[in-house]
Structure formats: structure tokens, C-alpha cells
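Before any questions on binding or motion, here is one chain by itself as C-alpha cells, the form predicted on its own.
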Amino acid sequence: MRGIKILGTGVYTPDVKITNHDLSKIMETDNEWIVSRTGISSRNYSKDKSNHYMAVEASKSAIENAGVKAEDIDLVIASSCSTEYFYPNLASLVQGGIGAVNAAVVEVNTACTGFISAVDIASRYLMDDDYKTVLVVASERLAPHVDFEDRASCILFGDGAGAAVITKSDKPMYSYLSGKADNFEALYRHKNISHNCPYVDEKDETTSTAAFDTDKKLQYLQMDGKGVYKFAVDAMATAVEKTLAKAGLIKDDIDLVIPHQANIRIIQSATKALGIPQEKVFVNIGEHANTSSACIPTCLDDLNKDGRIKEGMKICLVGFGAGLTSGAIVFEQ
């Protein structure tokens, strides 16, 4: 039986805090417009600290909170869609940065669904006796990815990292993961690769030219807001329903729902469709904005530090992301 127990959590929040009022000084927008449409009041940007620096700091915090040593970590699973390196992978940089000399390394990129994917993978490794303690970390530095001339998208995102140390539990865990690649252009960011190989063309003949027909499409995050919204509400509700069915549970059995913090309207619509009361749904989007795969572990840390994650609680993690991906996990702490 798969089961996980969270031993400790940690976060890294960059120092540069940008409010909606700050954004109104550089674009045509205001606090009321942003809050009413997204639920976001502020976000943090990492001015001069790398993605892997944030991941390392969040991991150190989680290890300390868990009361374990870095040498006790058997596996590092890192999630990110905004790393600075093609290779080495983020998990390798975290392993070196925290001194987890005995740990194997795995990187995951399912965008905002990444932490859920990583925990699902971790739970499967923990079924093997070789792995007893796993560090799952998600880190995103999204500020350089967004176009600050596009107010519809740039207001949504922030930077940050969150981590959790987990071990095997004799209490059950269930999961559901899904992908819908036929609509990847609803949310994507091209990764420019310049080269001087005379045998390789710059032009990509395998992808719709419409995806890359302008300089901004090559350089910045691209999002079809309406398309993402429609997918997200349906996908999150479906993921929870399918996971509960696997677990033999009903929605009333769940004590706490931690959704991906994309947009308050998406969260409210998805949980309403499921019939889950808002008092069971944790939201911190107002302060952090959308930090992609770092959202859910940041929520976990907020709850953990407030003493709100109790032994025996049935917790549901649910999210969606570029790909398009979606997934949910239900576990008993």
C-alpha cells in the first residue's frame, strides 16, 4: 500500500515584494481590477537569486523542520518549469547545495501540477526499501518569463520555492494524474536554443508556426486565459472525483483541500462544482500569487507552521498546469 507522511516543510520567499499598486505605476491597471479578477494583492520576485538558490533554501528549511539531517535524505525530487540550466537538473543542484550526499536525484516538469507529480513519484519510490526519506522541492522563478506589457498574464505570477520531507506511512494515499497535450498552446513558454551547428536548422518544422510567429511568442510565456480557465475548472473537479473514487471516499470525508493557487475564480468554481465548502479550502493566493509548482508546498508550509495539519487528517492536493496537465492526491497524515 502506498502511503506518505509529511515530516517537515519549508519555503523560500524572495525579498522583493510587488503590490498591485506598484504594478499600476508601470501599466494600465489598478488594485481593484486585479483583486476582483484574480484574488491577488501582491507577489514576490527574485531580483538576483537563482531558481536553484531558492530551492536549496526551501529545502534546508524543510529538513530543519523535519528534524532530519541532509545525509538522511535518500532521494531528492525537484519540480520546476523555470530552471536556468538544461543540465545539470535542479535536483542535482539541490542535492549538492544541501549536502545530501546519499541521495539520488530526479527532476519533474509538469508545470503547475509539478508538486503533485513529484509526491506521486515519491510515494512509489517509498514502496522500495532502498528509499525511506524523500525531499520533494518545487521552485519557480517566473518573473523573467512573463511579458510586462501584457497585463492579463504578468499580474498573475510570482517567484518562490516550497519543500516537504516525506516518509512512508501505513495510512493510504491515492492519486490521479492526467494530460491533454492536444491543447498545449493554451499555456506555454518557448525555450530559445541558439547554436552554430551547420547541419541543424533554426526553424522548427514540427510545431504550428502560429505558436512562434512573433518575437514575444519566442521570448515570453503565452496564455489563453479563457481556454486555461475552462480546462482548469473541469480538470480539477475531475481529478478530485477520480481520486476519491479510487480511495472509496466521498467529499465529506476530506478535511482539507489545498488547490493550485492560479486564480481565486478558478479555485472557487472548481470547489463549488465539487460541492466542497470554502472553509475546507486553503487559499493564500492573495499574498503569493501563482508560483506554479511551488504553490502547494507553500500552502503546506503555511498550514504546518500554523499547526493546522493534524495527525489523521485526510488532505487533498489538486492542481493543473501547462501541458495541459492535471492531478490530485488524497492522503491521510
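The shown structure was predicted, so the numbers you read here are calculated from the model rather than taken from an experiment. In case it trips you up, residue 1 is the first one in the sequence shown, and so on.
The same protein also has a form predicted in complex with a small molecule, omitted here; what follows describes it.
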For the three residues C81, F115 and Y174, verify that every one has a non-hydrogen atom within 4.5 Å of the small molecule in the model of the complex; reply yes or no.
no
Within a 4.5 Å heavy atom cut-off, is G225 in contact with the small molecule in the model of the complex?
yes
Closest heavy atom of D48 to the small molecule in the model of the complex, within 4.5 Å or not?
no
Residue contact check: Y229 to the small molecule in the model of the complex, 4.5 Å heavy atom:
yes
Under a 4.5 Å heavy atom criterion, is I266 part of the interface with the small molecule in the model of the complex?
yes
Determine which one of 147-155, 242-250, 73-81, 89-97 lies within 4.5 Å of the small molecule in the model of the complex, judging by heavy atom distances; exactly one does.
147-155
Taking 4.5 Å between heavy atoms as the contact cutoff, choose which of V119, A262, A103, A235 touches the small molecule in the model of the complex.
A262
Just to be sure I understand the contacts: of N44, T29, S61, N304, which is the one whose heavy atoms reach within 4.5 angstroms of the small molecule in the model of the complex?
T29
